[in-house]
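The chain below stands alone and is given as structure tokens, in the form predicted alone.
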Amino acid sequence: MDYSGINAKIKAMRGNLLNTGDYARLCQADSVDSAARTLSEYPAYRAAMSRALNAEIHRDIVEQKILLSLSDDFKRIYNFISDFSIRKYMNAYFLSFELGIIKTLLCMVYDERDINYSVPELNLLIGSELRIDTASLKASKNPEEFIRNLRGAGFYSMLTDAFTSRSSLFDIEMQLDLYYYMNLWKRQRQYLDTKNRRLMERISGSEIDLRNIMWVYRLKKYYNLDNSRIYAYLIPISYRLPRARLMRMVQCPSVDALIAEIESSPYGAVFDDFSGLERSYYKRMSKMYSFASMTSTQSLAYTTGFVYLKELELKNLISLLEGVRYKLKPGDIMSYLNLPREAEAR
């Protein structure tokens, strides 16, 4: 596959990503309504925000509508790619976003709220490859019915095998995350050529290692789970983190012992502040995508890097809207955002 065409398209799309000045401007908003109207002035969010500005604006509605912008972007990227194998891989890569939507919908069902997306919007957010009846999904009245209406998706049997009447939202979310990484790893080996496979295994393998470390830390520190339950939540894939090392982390008798084990691992330099695990994680992943985009131009690095940056941008916008809602100072809101170096340069 010749990547010059898709890279040129992605370069233009990257030009619409928000920069540090844009975030600072949005942080100055005195209400969610004001932030939404400012956001609608940016090309990447104009169409998505028009769906929210025609009605009374609530933070939840704005958050839901901005997610449509990434679906629009991905559809444009996907339609530009003619290579069948690359398309199959990109579907697996983008599944992270689609599963995030399913988690959001499931949260609404658990909270006994109506799903505010229309069926056409759900069809845009959840790709046809998942083979989910979105109309039935929208009509779900309880978690059991919601799970049944996921029939057709590749993760359905895995989810139903693990789901019981006692399953929490957290349990289901962890199962969906587990499926995503296992499916991605499988498709990398199934559909990518040697150069792209090595590149994406380096990126996704590091991501899996980091996720496993963060999950062990959180499950031990905040949930106090026994070791057998922690094992069940871990992704059964290792890259630079030997499985034996990960098992030692699970078996640590205290959080302090766990921190010492993490610090002596291949990722010890990543987590310099255990009060900000997410920030450390995004800093490392942003650096990896940036380096790959600069050094591997004839590959998927630039394309997957854009999807990563756009997903990170959406997470930042959701945090920003939350800060505006609670009337935080602009500087405080900015401190909660995970801005990649690309945002500073634009």
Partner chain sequence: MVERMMYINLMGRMEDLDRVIERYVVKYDIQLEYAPRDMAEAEGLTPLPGQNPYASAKQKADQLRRITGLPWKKPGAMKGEDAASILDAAARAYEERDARFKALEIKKHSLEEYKKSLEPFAGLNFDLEKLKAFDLITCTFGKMPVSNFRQLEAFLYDDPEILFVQAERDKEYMWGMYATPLILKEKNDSIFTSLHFERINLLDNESGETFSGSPEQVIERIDERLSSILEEMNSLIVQIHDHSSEDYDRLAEAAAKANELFYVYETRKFAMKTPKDFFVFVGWMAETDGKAFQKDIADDSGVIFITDSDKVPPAGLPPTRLKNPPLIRNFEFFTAMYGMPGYGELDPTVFLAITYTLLFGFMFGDLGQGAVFVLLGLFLYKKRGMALGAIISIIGCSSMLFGALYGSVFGFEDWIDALWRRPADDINSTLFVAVGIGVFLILAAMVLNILNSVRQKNWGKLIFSPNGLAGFVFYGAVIAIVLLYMNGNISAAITLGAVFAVIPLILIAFREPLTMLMEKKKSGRHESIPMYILEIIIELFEVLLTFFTNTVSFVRVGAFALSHAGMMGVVMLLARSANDNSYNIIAVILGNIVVMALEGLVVGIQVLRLEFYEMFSRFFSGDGRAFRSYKKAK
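Numbering follows the first chain given and starts at 1. All values reported here derive from a predicted model rather than from experimental measurement.
Omitted here: the form predicted together with its partner chain. The next part is about that form.
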Fill in the blank from the handout: Of 130 to 138, 172 to 180, 254 to 262, 187 to 195, the segment with heavy atoms within 4.5 Å of its partner chain in the predicted complex is residues 172 to 180
Handout entry: Contact check for Asp226, Ile235 and Leu246 against its partner chain in the predicted complex, heavy atom at 4.5 Å
Key = yes
Exercise for the section: Although its partner chain is absent from this view, report whether Met158 comes within 4.5 Å of it in the predicted complex, heavy atoms only. Expected result: yes
Problem - Heavy atom of Tyr231 within 4.5 Å of its partner chain in the predicted complex - result: yes
